[in-house]
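Just one chain is shown here, as structure tokens, and it is the form predicted on its own.
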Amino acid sequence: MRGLMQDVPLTLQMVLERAGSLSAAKTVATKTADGVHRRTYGEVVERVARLAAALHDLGVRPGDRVATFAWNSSRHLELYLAVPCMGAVLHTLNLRLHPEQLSYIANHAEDRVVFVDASVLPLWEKIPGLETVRTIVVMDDTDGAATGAPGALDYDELLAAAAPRFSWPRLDERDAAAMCYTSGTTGHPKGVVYSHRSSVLHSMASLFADFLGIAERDVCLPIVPQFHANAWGTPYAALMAGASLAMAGRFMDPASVSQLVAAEGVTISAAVPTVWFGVLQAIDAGQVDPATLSTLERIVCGGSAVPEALMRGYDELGIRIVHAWGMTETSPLGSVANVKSTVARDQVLRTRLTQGIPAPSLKVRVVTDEGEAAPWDGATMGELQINGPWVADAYYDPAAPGGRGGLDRFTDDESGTRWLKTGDVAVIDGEGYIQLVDRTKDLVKSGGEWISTLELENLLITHPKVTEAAVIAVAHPKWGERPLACVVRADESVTKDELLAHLGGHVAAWQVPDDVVFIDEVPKTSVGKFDKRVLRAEFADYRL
């Protein structure tokens, strides 16, 4: 017997219609060089119809890839809606990648039209060998200070000349809505293709009180870029809830962020920890007035582990850091560290510092080196694997059958359940909280025992004289590998012995690094994660 319910496709057209009909007075505010520019959702929806008509006039058809090369803004939001809702595929290009990588990605995805912010035109013009791009549209985010590219179209002129209405097609919820490419540090980036269904379900889950809890009363500031895993899905979630949005544009320094929070009454933000570390340091230095953050209630932090010092710092300001974990392949939110009522009071902080429990409808497991599912005992380590309706099933590869590539990153169990192999080493405790131990490639194997570089880094960053710290494995004649700490000093007086003694007070003696080297900055990937590949290459010949 089958259910007798209406079969309504779960597509992003739902988000567009809801924003226009129920939240037309809400606003999206974009920080610009001349101040904050605001549009209502009603105005955005009208412009989205014009944009879809303009794209159709440019020859864009269902399934065609339309790329963006832009900061967070109301114009970028319009593209988030128009492109997938007309049946095309939104492809956000990461403007922090190397030009050669961008060339590979745009050609691999077969982008046809690209929308470029004027402020990053010099970066765009460095990209070599573009084979499929036929049209470039420039969005002026410089208030006329930058010139356009030769032969490019102007975004606002394009919309002004377009028809004011568009006949939206009926879409299949499994149609592609957007593409994002991973920012891995080895090999070519891999394409992840989000469906309308996965995007809608991910947005709905973001509204759950025990997940991100985005609500109509909120003002959401996604500092995580729109070119990175769709800004963690927060623009769609905010539109679905009817929450207003604030966009930082290219202005992400502590003063600009705090001023935008104050101007728009921001209640929730999403960013990697380094952004909010910068704000906290500016407050401590007297450069930012903490009163500007008075409306801010919670900050969703992911991308790298949240240090305890950061969480405590914002606790003192009355702002809750919500630790989240995910990947481009998980749309990206996979788990959130909200504290269950069954957690003991003396374990609350420890629990908040974990990667949390999986979102409703997602399943996780840890698989040991022997291929067995590990018990949830908080001690047995293995690779974290994840399954769910907004988790990738394959990587995009136009040369593979059905476009399905990278299948070695996926596995099916005896019940037919599909698991994504994350590459993260983790343990899961009895309450279901995930604790990442390390990336599989970052663990140090010393004398047959594993050492977590992540744990050492988190301990080093708690030292008041340390700004950043990354730990890597280096060769050792006796133990095979030993950890080397690469530290950025906040105070030049700090010594190697002082830092090793600090670590020795928290971990076993055999886990303490053999040496400390002081560096100017920890290399970062395009999305702000530590790029240990660079450090491993730099210290490849280091001898302990």
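Residues carry their position along the shown sequence, with the first being 1. A quick note: this is a predicted structure, and the numbers were derived from the prediction, not measured.
Separately, the form predicted in complex with a small molecule exists; it is not shown, and the next lines address it.
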ask   = Exactly one of 226, 267, 422, 338 has a non-hydrogen atom within 4.5 Å of the small molecule in the predicted complex; which residue is it?
value = 422
query = Which listed residue (418, 445, 465, 404) meets the criterion of a heavy atom within 4.5 Å of the small molecule in the predicted complex?
reply = 445
inquiry  = With the partner left out here, check for me: in the predicted complex, does some heavy atom of residue 305 sit within 4.5 Å of the small molecule?
reply    = yes
task = Tell me, yes or no, whether residue 80 is in contact with the small molecule in the predicted complex, where a contact means a heavy atom of each within 4.5 Å.
result = no
request  = Examine residue 439 and determine whether its closest non-hydrogen atom to the small molecule in the predicted complex is within 4.5 angstroms.
outcome  = yes
task = Answer yes if any heavy atom of residue 232 is within 4.5 Å of a heavy atom of the small molecule in the predicted complex; otherwise answer no.
result = yes
ask   = Want to guess which of 372 to 380, 256 to 264, 326 to 334, 197 to 205 is within 4.5 Å of the small molecule in the predicted complex, heavy atoms only?
value = 326 to 334
message = Just to spell it out: taking the C-alpha atom of residue 372 and the C-alpha atom of residue 480, is that distance smaller or larger in the predicted complex than in the structure shown here, given it changes by 3 Å or more?
response = farther
